[in-house]
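Here's a solo chain for you in structure tokens, the form predicted alone.
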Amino acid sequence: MVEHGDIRVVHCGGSKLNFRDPVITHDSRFLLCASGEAVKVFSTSTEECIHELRGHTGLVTGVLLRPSNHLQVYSSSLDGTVRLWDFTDGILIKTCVIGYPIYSFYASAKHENVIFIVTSMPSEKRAERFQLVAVHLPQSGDQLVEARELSAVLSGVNPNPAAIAFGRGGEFIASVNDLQLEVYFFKKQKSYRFFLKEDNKKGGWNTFTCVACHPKDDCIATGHEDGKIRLWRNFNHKKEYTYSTLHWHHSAVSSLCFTPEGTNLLSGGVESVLIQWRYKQESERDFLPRLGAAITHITVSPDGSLFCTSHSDNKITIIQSCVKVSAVIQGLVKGDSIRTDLMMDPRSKALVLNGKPGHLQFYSLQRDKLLYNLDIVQQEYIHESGLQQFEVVKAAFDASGLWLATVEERHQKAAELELNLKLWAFDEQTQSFVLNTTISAPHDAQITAMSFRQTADSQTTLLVSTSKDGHFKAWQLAAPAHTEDEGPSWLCDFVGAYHGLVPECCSFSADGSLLAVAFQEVVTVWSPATWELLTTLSQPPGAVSDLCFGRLSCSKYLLGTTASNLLCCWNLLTCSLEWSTSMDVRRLLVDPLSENMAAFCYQSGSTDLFVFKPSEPRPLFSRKAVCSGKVTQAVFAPREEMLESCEESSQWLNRSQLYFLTQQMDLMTFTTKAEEDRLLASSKQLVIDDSVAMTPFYLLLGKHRQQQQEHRDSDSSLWAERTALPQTSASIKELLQTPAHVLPSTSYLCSMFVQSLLISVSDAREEKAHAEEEMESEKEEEDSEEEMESSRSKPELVAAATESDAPALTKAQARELRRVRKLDHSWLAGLLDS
């Protein structure tokens, strides 16, 4: 078993956009947010991703605008580095190595070249403690520097970025942790601590959740677990502090933020309502409701024109001054538990899985962008803990992508399980799925598996569902029975069972001629044409949890995984067990375009991958510890263009790409170094104007403009031969193309530019002498021409007399006319000949 190092496990998008507070630039044109190991730069007007700032080797834990240069941004990471970027060009300027994992970081204008980071404290106790440390950034010109000046500011802080805030531009810092508020004054180098009781008289929890400081006044706003907001004043004297209370939220306050002028306070929580409180007029407040999922972060642009909220469903909403939503940036929605499998939509090639509650999301892996959400439950979701609501638990596509089947269920404490099986038809006009048939209570118990017969050339579309009630049912698309106006609907065609055992899973063969249903320890094989039980396959003890038929040359094999950690392979021609091996397979899947199969095995706290053919004893590819934890969802996605990999170790990636979801909800994939180099080379060929966001409309318009320019250039090519344009100076070209942050100061460049425009006195004198010589030569020419005209014959004098009616030319016009006569007009003849 050989491991192949050429294949890498990489993040393929879909990372969290709501992990940390987003940042809006000073001109409100761009929004920056941490996304996995990168920083994404979005356009606030088009919602498109402009740049991805990549370079960190660990999770990015914070993004901050540089106080001294609003065109640059800092990013921190668990890899122990702080990086400085030019986000307009996507260029890495400097990397500062700190050497400790950074959980959050802060900066202020009053502390120049100093950042404050939260890192772990060395402790012998099991509970990890954190401290706030001031880091002095070295001012060297090197791209890679090491920070050596570190000084502790506060100990025992909360690593959550919302738990620390600067006040009055950096005069003091406020930190909340559990039931304690600590305020540290930099001038006094002294801190005051204020404590609250665990619960109040009404039973509310007083635990601190977030903090925000007024930009101009001595006022600190804190959010609490019971939904209250406290405004603290006079906190520079420990015994004379006061606070007032605001209350609207019914649950914990997740984020607080003051506007730049301090006139309003913004708050948000699980209610998905943005509250705008008037400062010093707290009775007046504005609401912006129905923003979607729970609010996790709130940010305001430096000019106060845009508000920004992050949500628990991996969404960022951009709001115009609490009036209306102007843009929505939606990432891959990854809840606490994804109930459906990872699926590929055969039509749009999009990844499909559970989205926001009651929806399926269609996510483009190529563009790393959500295409749309399909509302399955079609009921308003109520954000209230303990309330049982419908959830989408199963979904499946047919081979053509024309039909989608979904199962939704709801558990009520005092009632039976509610089940709905819905069949959705693809509508060509709306380019979306439309509900065709709803089957209430399709089974008497929970549905365990569901599968379409994956044959595009079949005359009838067939769906099979298995349930814990001991039956499997076949649903068939039937023609309309009554009127011609009604479309086709779905009916139950067959109900099967086997000795009262519970069916756990089912699978169709590649050609749709066989159906395998696993009833606990027995695998039954049925004929969908006649619904005859063809044979039963026995195997070692243990319930079968997953079934897969082989493809192409391996179609005679049926593979299954058992609860007793066995992977079994049956030969359908001999109806016997071909081979079995001991491994804890958590996910078994087959490549639809080849004979390859993939098995994710859990061992020693991590997941291993084995790619193999059922007919060969050795695996094609194996990789130990592809991720920590368990992999429960994975899918083979067919490629649009087949790779031409000659190496045997990576040929299993030629036709399809393997995606899987980790226990931490990270979407991962496998790629080769050659494929990464090809994508990098193609990305370098794209030349995009920095001032305009890259949108599909912009690319189309840019192509049209390029065609117009080429046509214009072809028309004017002949004139370009005659009129030579001045050549651009190489130094000027280099000056215009150089990023602004590496250029000298503007005053220095301006003085050089003005000096280049000045003309020296010697040059002026030479030019004057040259002009006088030219005038003398012209005068001599005039005298010689007058003599020639006087000696002309009589007919010429008569002709001149006839032309005397025309107005006489001035001396300057005559001189210009003589100069034109001396020009070489041979180019005109050549132009006419061509």
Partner chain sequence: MASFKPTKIQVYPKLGEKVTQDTLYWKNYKAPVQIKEFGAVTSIDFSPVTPHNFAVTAFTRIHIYGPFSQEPVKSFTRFKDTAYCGRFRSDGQLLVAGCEDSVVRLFDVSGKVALRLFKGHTKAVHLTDFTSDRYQILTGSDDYTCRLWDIPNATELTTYREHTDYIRCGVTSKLNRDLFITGSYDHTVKLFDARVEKSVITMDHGQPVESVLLYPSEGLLVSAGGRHVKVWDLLKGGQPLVSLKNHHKTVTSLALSSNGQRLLSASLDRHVKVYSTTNYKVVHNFDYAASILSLALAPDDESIVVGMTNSILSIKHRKNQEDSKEIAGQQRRRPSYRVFVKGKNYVPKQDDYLVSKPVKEHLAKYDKQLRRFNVSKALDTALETWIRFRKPEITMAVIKELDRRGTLKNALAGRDERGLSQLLNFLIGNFVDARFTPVLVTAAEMILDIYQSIIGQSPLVDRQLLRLQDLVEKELDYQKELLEVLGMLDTMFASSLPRKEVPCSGIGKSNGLTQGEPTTLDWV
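Keep in mind that this is a model prediction, so the values were computed, not measured. Numbering follows the first chain given and starts at 1.
Separately, the form predicted together with the partner chain exists; it is not shown, and the next lines address it.
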Practice task
Evaluate Leu288 for contact with the partner chain in the predicted complex, applying a 4.5 angstroms cut-off between non-hydrogen atoms, and reply yes or no.
Solution key: yes
Exercise for the section: Mark Leu577 yes when one of its heavy atoms lies within 4.5 Å of a heavy atom of the partner chain in the predicted complex, and no otherwise. Expected result: yes
Exercise for the section: Although the partner chain is absent from this view, report whether Pro159 comes within 4.5 Å of it in the predicted complex, heavy atoms only. Expected result: no
Exercise for the section: Classify Leu306 as contacting or not contacting the partner chain in the predicted complex by the rule of any non-hydrogen atom within 4.5 angstroms, answering yes or no. Expected result: no
Problem - Interface segment, criterion being heavy atoms within 4.5 Å of the partner chain in the predicted complex, picked from 606 to 614, 393 to 401, 186 to 194, 443 to 451 - result: 606 to 614
Problem - the partner chain in the predicted complex: contacted by all of Ala163, Glu409 and Val434, heavy atom 4.5 Å - result: no
Completion exercise
From Ser751, Ser513, Gln281, Gln379: within 4.5 Å of the partner chain in the predicted complex by heavy atoms is Gln379
Practice task
With the partner chain left out of view, choose which of Gln389, Gln663, Gln143, Thr263 has a non-hydrogen atom within 4.5 angstroms of it in the predicted complex.
Solution key: Gln389
Practice task
Taking the partner chain as it sits in the predicted complex, which residues of 292 to 321 have a non-hydrogen atom within 4.5 Å of it? Please list them.
Solution key: none
